[in-house]
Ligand code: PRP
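This document opens with one chain alone, in C-alpha cells, the form predicted on its own.
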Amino acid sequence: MAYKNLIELSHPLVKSYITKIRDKNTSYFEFRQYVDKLSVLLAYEAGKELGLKARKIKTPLAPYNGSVIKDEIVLMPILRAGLGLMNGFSSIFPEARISHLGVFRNEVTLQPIRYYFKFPRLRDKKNTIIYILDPMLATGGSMCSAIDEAKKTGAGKIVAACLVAAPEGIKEVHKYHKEIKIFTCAIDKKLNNKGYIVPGLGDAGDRLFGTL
C-alpha cells in the first residue's frame, strides 16, 4: 500500500550500508560505523523539510543575498536504540537541541511503556521541527507514543526517521498521524509473531551497544 507521507531513500550507498547492517556477521563496531553513515544520509534527506529565511551577508568580495535555516531543530531519539542515529543527525544539524524519550515495549502485549521524557524549552514553537529518531519502525507503538508527546510541545512540524520500517508500523503511524512524514532507508516485508521486523536486522539496540 502506498502512503503519501512515506519517503524511502534510494541512494546506492544506502542500499549498500543497509545490507552491511543486516548481515549477522557484521561486528557491533562495524554496525555502529555503518549506522552512523546511514544516519547522515537519512538526516540529509529529512533536512528537506526545513524552512529557509533570507539573510544578507558580505563575502570577502561583495554583498550577497543568501538563505539560512529558519527552524529551531530538536532531535528526539527514542531510548536507547535511537541514540544510534544521533551522531549522523547532530553532524548535519549541529545547532539542534536534544530531547530524550524513554519507551520500552512490553514483550507480551507489544504495547509501548514510557519511562522518561525530557524536552527543551522552545523559543518559537511555530518554527520548530522535531525529528523523532528510532532505527526500527516495527509495530508503530513506540513511534506513535513519541509523536503524541511531541505534539504536546506545540512544535510546528514533526518528522519521523528510521532505518528500517515494517508495513504494519507504517500503517499504524498513518492511522493516527497521517500528516507525519516518515523517512526510512528500507521498507521490509512484515513483522513476525514476536513483533520483530523480517528480514530486519535483529535488535538494533543490542547490535549498536554490543549487549547481545
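Predicted model only: the values in this text are computed from it and were never measured. Each residue number is its position in the shown sequence, starting from 1.
Below, we refer to the form predicted in complex with the named molecule, which is not included among the displayed structures.
Classify Leu122 as contacting or not contacting the named molecule in the predicted bound form by the rule of any non-hydrogen atom within 4.5 angstroms, answering yes or no.
Leu122 lies outside the contact set for the named molecule.
Consider Leu79 of the chain shown here, and say whether it contacts the named molecule in the predicted bound form, taking contact as heavy atoms within 4.5 Å.
Judged by the heavy-atom cut-off of 4.5 Å, Leu79 is in contact with the named molecule in the predicted bound form.
Within 4.5 Å, heavy atoms only: does Thr139 come near the named molecule in the predicted bound form?
Within the cut-off, so yes.
Check Arg105 for me: does it contact the named molecule in the predicted bound form (non-hydrogen atoms, 4.5 angstroms)?
Judged by the heavy-atom cut-off of 4.5 Å, Arg105 is in contact with the named molecule in the predicted bound form.
Sort through 37-45, 139-147, 22-30, 52-60 and report the only stretch with a non-hydrogen atom within 4.5 Å of the named molecule in the predicted bound form.
Contact criterion met by 139-147 only.
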